[in-house]
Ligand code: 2M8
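Just one chain follows, in the form predicted alone, and it is written as structure tokens.
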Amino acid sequence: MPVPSLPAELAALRETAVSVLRGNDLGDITRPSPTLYPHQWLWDSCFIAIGLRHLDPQRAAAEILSLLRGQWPSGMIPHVIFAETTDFYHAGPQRWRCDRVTTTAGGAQSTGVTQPPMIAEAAVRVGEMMTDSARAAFYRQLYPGLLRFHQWLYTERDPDDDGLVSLVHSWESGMDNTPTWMEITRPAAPLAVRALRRINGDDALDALRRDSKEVPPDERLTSGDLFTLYRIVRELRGAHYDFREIRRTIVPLVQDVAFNAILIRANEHLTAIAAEIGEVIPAGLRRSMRRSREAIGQLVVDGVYYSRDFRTRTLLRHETIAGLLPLYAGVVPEDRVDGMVKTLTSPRYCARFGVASVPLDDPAFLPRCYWQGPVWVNMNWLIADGLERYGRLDAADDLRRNTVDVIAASGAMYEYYSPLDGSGAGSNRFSWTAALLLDLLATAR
């Protein structure tokens, strides 16, 4: 593909991004990072494909199609599809034991939960780089599995026909330890975790975890929270990953605002894909799609969008970056858009680099701790896309330039960045940061 003309510094940064993607390429899948994330993650592969399209559209299409090898007969596409590697991963197949419940389309081992449905977005972006005939062939190959995934989300996770799907684990949200999720998850902490916390906090648990060997523990979830999430996996496993059984357990069930916003946008893309290849979306799914657009309005109070407890219908009143994703979905009424733009560009969310994942004035804010404050490139990308479609071009361009600036300032493809000083944190050589940088550089106005 043609390489965009760039200043020397950005050209070198682009080469770093390309090198990261090549280093993490396992053939037909791309791992998020060499050590901390050695397998395939659902929404990671989607963001990766959006960048790969600028290097090799066919390879990008293969990245998306490879997700179907993990699809369950029910239609669910797992959040992790395990690669054939001996690299250690703390929540590997032995923790999930999904092989006792089901098989995957490609015989791969997987987790028993899903992740934000970014597949249709990625497919459309990749399709833009293809000839008409190649795009149609790609869409026809993807469509049956993609349709079944969207149908599963509604039939399995919206059993009461609310129009909003429910998540059964914070890992499904992709934003594991935002204050929203930790508030509703911590009551499920194992008794041993509660006891140790009373004695000396999380220190006694740190020696038992292995996920924080690559990065400092203070950049990850606390040990107590991690072991609570492990307990929820055990509950899900005991319920055979069946929502009807899960809702009878202690597992927190959340109508996550960001997940549902991404689904609403994905529904639009699925509809466009179907139309291009002459397919008709089933009537029941079309109805669910319409209900989603209407129902997300139940999650807003005074112009702020929140997630909701599925069981109690109580809004989880924590402001986080998840509440800005309705801009990406295109569901924010026009008369409220400028107010949300003012919010996301205010010092509460934007210090120097941003948008921060948790407002800087929130007591839970930690600038380098996973989803408790850091800037994430994928979130900036999603919000900027929504701003552009709302016609807020200056705000979209500013956010995209700011995103490139924070990556350039560090000189490396980190998992996330401090909104205060731009320093990189989490895993280095992170694939979606590299991929989305390629996209930002290629599409800059």
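This one's a predicted model, so the numbers in the text were calculated from it and none came from an experiment. Quick note: we count residues from 1 along the sequence shown, nothing fancier.
The same protein also exists as the form predicted in complex with the ligand; that form is not shown, yet it is the one meant from here on.
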item: Contact assignment for the ligand in the model of the complex, among Y370, F310, F259, W181, heavy atom within 4.5 Å; value: Y370
item: Contact residue in the model of the complex, from S166, N267, Q115, S357 (heavy atom within 4.5 Å of the ligand); value: Q115
item: The ligand in the model of the complex: contacting segment from 397-405, 31-39, 62-70, 381-389, heavy atom within 4.5 Å; value: 31-39
item: Exercise: H79 in contact with the ligand in the model of the complex, heavy atom 4.5 Å; value: yes
item: R97 within 4.5 Å of the ligand in the model of the complex, heavy atoms; value: no
item: Exercise: P326 in contact with the ligand in the model of the complex, heavy atom 4.5 Å; value: no
item: 4.5 Å heavy atom contact, D158 to the ligand in the model of the complex; value: no
item: Any residue of 417-445 that, in the model of the complex, places a heavy atom within 4.5 Å of the ligand; value: F430, W432
